[in-house]
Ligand code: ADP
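The chain below stands alone, shown as structure tokens; this is the form predicted alone.
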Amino acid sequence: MKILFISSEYHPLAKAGGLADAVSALSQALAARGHDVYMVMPRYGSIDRSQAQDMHMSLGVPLGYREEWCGVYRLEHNGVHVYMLEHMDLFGARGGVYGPTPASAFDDNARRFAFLSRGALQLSLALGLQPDVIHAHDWPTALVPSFVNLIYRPSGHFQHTRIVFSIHNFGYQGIFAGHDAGDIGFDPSQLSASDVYSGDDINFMKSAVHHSDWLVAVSPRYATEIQQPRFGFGLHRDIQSRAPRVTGIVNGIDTDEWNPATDALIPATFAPGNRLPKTENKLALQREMGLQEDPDIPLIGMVTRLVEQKGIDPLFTPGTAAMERIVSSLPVQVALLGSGAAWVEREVARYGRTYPNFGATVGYSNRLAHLIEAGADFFLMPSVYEPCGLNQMYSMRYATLPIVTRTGGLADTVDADTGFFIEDSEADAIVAAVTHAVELFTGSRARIERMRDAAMQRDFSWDRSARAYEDLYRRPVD
């Protein structure tokens, strides 16, 4: 098959979150299975274009009441044909993907990502590419399906192309003020038919929900959760109306990068048949985080964004904080790596000063993330919702047992043989689940070892997920 991917992120060229890893890994897995995979993304200012081929194209992109023009760069990456649209004003002269900082957004993001979506389709025509599948990812490319249905198919293009749209996180929908509607590339009659309006605003994701041939959530449970008011963020009825076209496929992980037997970022490699070196990683993690070096103390790891979605409120809210109860009353240590809301970062710093069994690094380090996965005994993910999640899968691969809420991809990948469930995202439930895990660690080590055996045997490869996407791409559309 010829498959055209369109995404705002692609690892290692541009990354703001897990979207980059998922899109990159899936496209490479499909290429490895023999498909022709094309990726279209922006050429951000952070991407060194000297490593890419200048296509010497001047690509016209109709947008709003005028036509924008861009250049095109091309490179090959692990079997994927990557094309980057260069528009200096919209992408090339800026330092961030969505905003100047992770916590802010550019004022013209509606126009920027409408340009990406329309530009990718224009590029496909310019290259003479007739893809069997166009696969767009998350809100920045959510106008692709309606562009195809309302502009390109009436003109005779993409008549036999399946339009697949992946929902990586329904909490981010691409909502903009209504006055931005004139800048996204539809004429007035097309705007009405695009289903982009949501009250006085425009909502990119809403348009994709109504115009895609298939909608894919990144886990089966999340595909059902987004049809509920709590997780639908205002669009649950829209998703319900397309329920026969909604499915869920769990993301995979990069089993080469996240492999305890070959990981160059950890002090001691280990494998299912010989886990003894895991203890060396635990001691190294304790040293690095300023914790007492003791292999018999249960060590809980966290690598997380310090935001509401990740369950940070019940974990750190002063007065009721689950974390304070955990580190003050249980025989445990905690090693945390993350950044996010300023108030949580302050609390994390206070814990580090107050509790000798709590170590934290604010920020992100890939090396330290690998060490936490390899050295911790448990990995805590008290997410309020989690479309898929990757860290619970990394953890199991490294014989680190996840403690997770029963939601989304966490519930689809963890079970009673490989981890522990937090029954709701409240402080009491978090403390109860952690207490249960710690009691097993101190009182039934044989059970813990059996769980580690089971966890390390789970298959979370992208090849498994790629096969599921192949089946979806071939599924008939009535």
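One-based numbering along the sequence shown. Please read these numbers as outputs of a predicted model, since none were measured by experiment.
FYI, the form predicted together with the ligand isn't displayed, but the following is about it.
Only one of 192 to 200, 316 to 324, 146 to 154, 366 to 374 places residue heavy atoms within 4.5 angstroms of the ligand in the predicted bound form, namely 366 to 374. A heavy atom within 4.5 Å of the ligand in the predicted bound form is found for exactly one of His81, Lys310, His211, Arg118: Lys310. Between the ligand and the residues Phe358, Phe186, Tyr394, Phe113, the one pair within 4.5 Å by heavy atoms in the predicted bound form involves Tyr394. Within 4.5 Å of some heavy atom of the ligand in the predicted bound form lies at least one heavy atom of Leu337.
Not displayed here, the ligand is approached by Leu19 to within 4.5 Å at the level of heavy atoms in the predicted bound form.
At the 4.5 Å threshold, heavy atoms of Leu390 reach the ligand in the predicted bound form.
Although the partner is absent here, Lys15 sits close enough that one of its heavy atoms falls within 4.5 Å of the ligand in the predicted bound form. Applying a 4.5 Å heavy atom cutoff to the ligand in the predicted bound form picks out Val303, Thr304, Arg305, Gln309, Lys310 from 274 to 312, in order along the sequence.
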